[in-house]
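Quick heads-up: the structure tokens below are two forms of one chain, split into structure 1 and structure 2.
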Structure 1
Amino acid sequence: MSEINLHFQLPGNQKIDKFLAKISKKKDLQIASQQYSLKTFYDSFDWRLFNAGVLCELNQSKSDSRLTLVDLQSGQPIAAAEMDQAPRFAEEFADARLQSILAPLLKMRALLSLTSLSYQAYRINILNKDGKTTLRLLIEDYELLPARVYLQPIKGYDKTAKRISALLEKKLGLKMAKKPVIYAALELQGRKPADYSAKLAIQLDPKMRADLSCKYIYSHLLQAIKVNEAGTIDAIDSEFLHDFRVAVRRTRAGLSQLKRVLPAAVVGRNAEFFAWLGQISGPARDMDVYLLNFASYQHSLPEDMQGDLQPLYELIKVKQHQSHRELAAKLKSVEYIGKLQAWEDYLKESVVKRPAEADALLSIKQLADKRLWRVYRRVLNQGNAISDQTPPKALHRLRKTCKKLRYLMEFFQSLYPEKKIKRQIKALKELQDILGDFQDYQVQESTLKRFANEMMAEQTSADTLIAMGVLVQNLRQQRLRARQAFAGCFDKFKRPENQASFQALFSGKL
């Protein structure tokens, strides 16, 4: 059956009644139903379902409303359930099958409506000489797009499906639909699938002037800030704020590490602005992270203590709402809007022919080599200075330097052989993960102690405070394990072969 084409598209100028008249001359058919319908496609903002090969569509009509997950490759349904509207998060789906598919794909991301199509839905039965239905056709006659015909074979009548498929293609002139209708629906909006990703994909010409290239990089980051702004203000899901903050941090790293390229006054003014953005968005992100981690907090406790943490969840939820409200107000402020617009206006200006900044006229490849090699050596120096007795703040300083190196490598990755730069980014990421765990556990311990003091003043039950105490001890143990793992991880990172690879890649000499 797999070799049979089951999905066709009518020629753009062919009306559905004319098509039905044609096929009725060849086969006995029965129109089982005809009704106005609305098809709405859903996915996360970053296209997690589409990237996993799944389409999510809600088809609504007077008699039926059904959400269906469809295999993007084959066009065949994977799972479906009746419902009037799509829930926002995977865990809100009542249907266990749908939830089991969606939860690992969407994780913390919300389902958002992408686009809708109105159409007349025809359900046609193809009959044999005995009047039995041997094949079903679903015809979707869209208002703005050519109609689609879907063959729905019936078990035991495979030959009918094969004959009708051949009839549609060879006798009635229908074309195989090569792509799902979502492609055409999005094209009506000037969009295409997977048009957003949090991953940086900046293509640079190695010979481009450094000042022009830096403006190009900052423009990409500004776009990421702007597309995540509305979702951050509306608190649709936690990843809008996450991606917003990542773009802000990347911009800050660029402004601090790529000096002597753009005018110092511009860099200083905007470094201050983006530092402010990082500061005002931090509390809301912290609360998001605590809530995202909450299930793991509970599971780290003995089973009979897990329920005792619920008051902590309620406290964090209240703080999350409050911090998001405060952040939204600041992102709607004249100060934020004016400074972001001024930054955008500056990035759109042409570069001057004879800039005063020392590195502005370097090629971007020269600048990238110079900065990456310098920051890489700083990572080695800071890491080599850390011993078992070194205070935590030294590890935090190294973590921040690693972040700067990571961001620079991501900015400039198109200038280097893909496999080699990705290998070095991966090696750096392993070190970053250990340093990040160490810092995060320390911050979480401190914050939970502060929350415990607040809750004690509110006369929270002793059981909850005891459970929080156990949780703090668990986090402390995890922090100590991360601290112990650092030395081995850093030794791996600074292996001679790794150093040689970095040197060959960024300094051009061995």
Structure 2
Amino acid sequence: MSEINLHFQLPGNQKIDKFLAKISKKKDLQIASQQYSLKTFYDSFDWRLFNAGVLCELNQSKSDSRLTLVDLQSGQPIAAAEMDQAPRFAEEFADARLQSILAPLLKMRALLSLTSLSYQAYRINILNKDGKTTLRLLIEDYELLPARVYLQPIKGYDKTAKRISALLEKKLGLKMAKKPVIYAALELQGRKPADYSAKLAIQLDPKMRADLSCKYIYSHLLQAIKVNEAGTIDAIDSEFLHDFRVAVRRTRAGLSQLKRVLPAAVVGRNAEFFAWLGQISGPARDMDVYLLNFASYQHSLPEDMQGDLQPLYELIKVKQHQSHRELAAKLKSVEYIGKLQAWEDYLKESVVKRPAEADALLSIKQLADKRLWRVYRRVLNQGNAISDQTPPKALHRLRKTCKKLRYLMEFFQSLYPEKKIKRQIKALKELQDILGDFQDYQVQESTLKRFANEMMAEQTSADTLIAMGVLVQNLRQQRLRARQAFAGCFDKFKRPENQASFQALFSGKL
């Protein structure tokens, strides 16, 4: 079936009536319905469905309102269910099949409406001599775009689909639609699909001046901060704040690691501003993380204790609301808006011809090599100094250094052979995961103890406090496991061939 074209576009000037008249001369057809409809496309902010080859559309008419998942390539429906509006999160879908497709793709991300198209929807059945429907045609005659015709084959009647496809193309002069209608719909708004990704993709020219390149990198990060700001303020889903914070942290890493490139005063002022941003957005993110982890907290307990955790959920939920409200107020403050604007204005200014800073005139490749090699060596030194007896503080310090190295590698990845830099990022990531686990478990343990104290004052039932005790114990065991795994993981990271790869990549001198 795959070789048949099932998705056509009508020439811009052709009317539907005329098209139907032409086709009815050749085939018995029945207009099953004709309705004014509104199509709204949905996806997560970071286009998770589109990236997985799925379109999500809600088609509403007077008599019917139905959400359909459509295969991006073929235009054929994958699953559908009647509903008046699209729920925000995958787990809120009542239809089991839709939920089973959407949940693994969307995870914690909310569905947002992207754009709408109004159109006349014609459902047409092509009949054989027994009056049996052997092919369905769906015609969408948009108000602002040329109409599209979708062939929906019926199992066991492939020949009809083939014949009608050929008829539309050869006799009726319809063109194969090259792209799904969402492209044209978004174009009406000056947008295109997948125009946001949380991944950094900065293209740098190795010979570019360091100061100019840094401004370019910071502008990228600023853009990420700005596009995630509204979703953070409205608390649409947890990932707006997450991406916002990542961009803030990356900016901070840049300001601290690429110091002698931009004027010290600018760096100092903004390092302080972004540190403040990191700090005010921390509590809200922490609560988001506890809620995202909540299901796994529950599952880690014996079944008869799982329900006892509910009061903890309620407490975190209250705290989450509160911290998000406080953060939203700060993100609407004059202080925040003014400082972010000043940073943007500075980034837009052209660079001075003869900068005073020592590294400003280096090529970005020189600077990248120098900094990456130095931070990499720091990771090795700090890691080597850690034994089984070393207190947790040293592991936290190492974790931060690893993060800095990771951010620098991501800023500069376009300067290095793609496969090689990706491999080294992956090696670093494995180490980061263990360090991250270790610290996260520790923070969670102490936070849960703090919550337990608060809840005790509120006279929470003993069952809940006992369940929390078991949870803390589980987290403690996980933390100890991560601590034990560190040595092996670091040994793997520092093995000679890996060191040689880093050295070759960053032209490092021993």
Partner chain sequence: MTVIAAYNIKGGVGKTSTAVNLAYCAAQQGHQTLIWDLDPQGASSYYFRIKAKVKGGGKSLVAGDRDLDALIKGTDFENLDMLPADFSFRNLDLRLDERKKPTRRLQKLLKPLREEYQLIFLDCPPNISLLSEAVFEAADILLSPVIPTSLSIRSLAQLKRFLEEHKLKNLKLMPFLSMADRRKKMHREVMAHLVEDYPELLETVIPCASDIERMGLERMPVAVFAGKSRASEAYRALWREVEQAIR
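Between two forms, the rigid core is the largest collection of C-alphas that superpose within 1.5 Å. Computed from a prediction, not measured in an experiment: that's the story for all the values here. When a residue number appears, read it as a position in the sequence of structure 1, where counting begins at 1.
Looking at both structures, it is structure 2 that matches the form predicted together with its partner chain. Domain rotation between structures 1 and 2: smaller rigid part turned by 10 degrees relative to the larger, from C-alpha superpositions. Here the two forms are laid over each other by their core, and the C-alpha of residue 125 is off by 3.2 Å between structures 1 and 2.
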